[in-house]
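Below sits a lone chain in structure tokens, taken as the form predicted alone.
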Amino acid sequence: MKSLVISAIAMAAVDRLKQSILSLKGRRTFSYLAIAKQLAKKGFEVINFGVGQPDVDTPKPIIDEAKKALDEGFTKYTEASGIAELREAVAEYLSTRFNSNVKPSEVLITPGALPAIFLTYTGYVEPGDEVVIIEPSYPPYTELAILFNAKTLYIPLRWKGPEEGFELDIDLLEKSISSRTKLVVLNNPHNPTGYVIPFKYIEKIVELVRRVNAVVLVDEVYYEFVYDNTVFKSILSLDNWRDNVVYVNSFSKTFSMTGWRLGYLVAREDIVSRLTNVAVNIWSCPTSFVQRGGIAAIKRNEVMDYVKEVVELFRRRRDLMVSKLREVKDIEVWPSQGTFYLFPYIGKILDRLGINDEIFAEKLLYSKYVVVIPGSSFPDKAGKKFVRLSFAVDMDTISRGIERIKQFVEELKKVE
């Protein structure tokens, strides 16, 4: 009887949670990774194309600097906005990299890019506001809109086939921005498709949001992972970026520091000051010794040389994965321009078998022990006939994994 009473009290506590929190779905991508871990524990060799992080080690100079900071006792609180040396280094780095003249006072150091995105929503989005998101999209953009009781308006990327890939319908986006718009979210290069938004569209979007006094939230965490002759220009290269832009970036992807949790937000000085007041009430300050590692990441030449080598390695991996996928019947794949993902179209297979992308991914995982992420995991609906594959794995794994996918598709044909 006592246990029933305790259970009822616990349920009542859950019932008192805000409806917006109860509406959150979490990250569906992580559920496939959890299944993969369980299968691996049972002795199956799982090939994981779902991973969203580089498989290479964090460069040694970064590790050495963090260790040195620990040895020196640099383990106390720092400034809420991050240590001055790191903010200065980030400002100098961005100004040099993107010709943007960023000031240290316009930089806020955060525990990864996601807290910077959270701060932006906290600062701008109120119940009933409209958030415009290009889809398929990184799930937290939608989840945070739900959390803040905002309305989401999705602009689907158009799939033009394996030769032309994806394209943003800039005319549809223009028609969608109105006086109700508070935030337009741009992820460039784009996860999950690998599309790089042309700079002429970036310029147009900034012009559109200025007309309605809205804000562009720009997430450029994959900025170094751009391939071939694709032209990538940061939004920070615009002369007037300060007027309507909040910029987010991270050390996670470029420097293989996903577990270090180090990112930053860039905005006009008075905005950074106000958002710092929010940050100090959430995480007090970024981790002290991690910030010292961040300085080494962007100031040491040998680290940047290493980054260039990694990007070239990933380009070769992309090319191998594309060539192997093109051998699989009814899979259409476009070589991504950026990120370390491919987003192949599997609609012909799904339509023929009368299944959806989630069933496809689950069957593949349980029968061939290969992890891919169904496109419908990336809100809203534009990705539902695609799957995402990461090529942040070695060449041999790519070859063996795609061979398993090929066998899987052939076996599906036999039972149709």
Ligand SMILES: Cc1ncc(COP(=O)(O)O)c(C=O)c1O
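Note that residue numbering follows the sequence shown and begins at 1. In this text the structure is predicted, and so the values were computed from the model without any measurement.
In what follows, reference is made to the form predicted in complex with the ligand, a form of this protein that is not presented.
Put simply, S252 is close to the ligand in the predicted complex: some heavy atom of it is within 4.5 Å. Within this chain, I197 is remote from the site of the ligand in the predicted complex, having no heavy atom within 4.5 Å. With a 4.5 Å cutoff on heavy atoms, L114 counts as touching the ligand in the predicted complex. The closest non-hydrogen atom of Y138 lies within 4.5 Å of the ligand in the predicted complex.
Residue heavy atoms within 4.5 Å of the ligand in the predicted complex occur in exactly one stretch of 127-135, 69-77, 164-172, 105-113, and that stretch is 105-113. R261 is the sole member of R261, R317, K299, R242 with a non-hydrogen atom lying within 4.5 angstroms of the ligand in the predicted complex. Exactly one listed residue, out of Q337, S81, N191, Q291, brings a non-hydrogen atom to within 4.5 Å of the ligand in the predicted complex: N191.
Residues of 216-242 placing a heavy atom within 4.5 Å of the ligand in the predicted complex, in sequence order: D219, V221, Y222.
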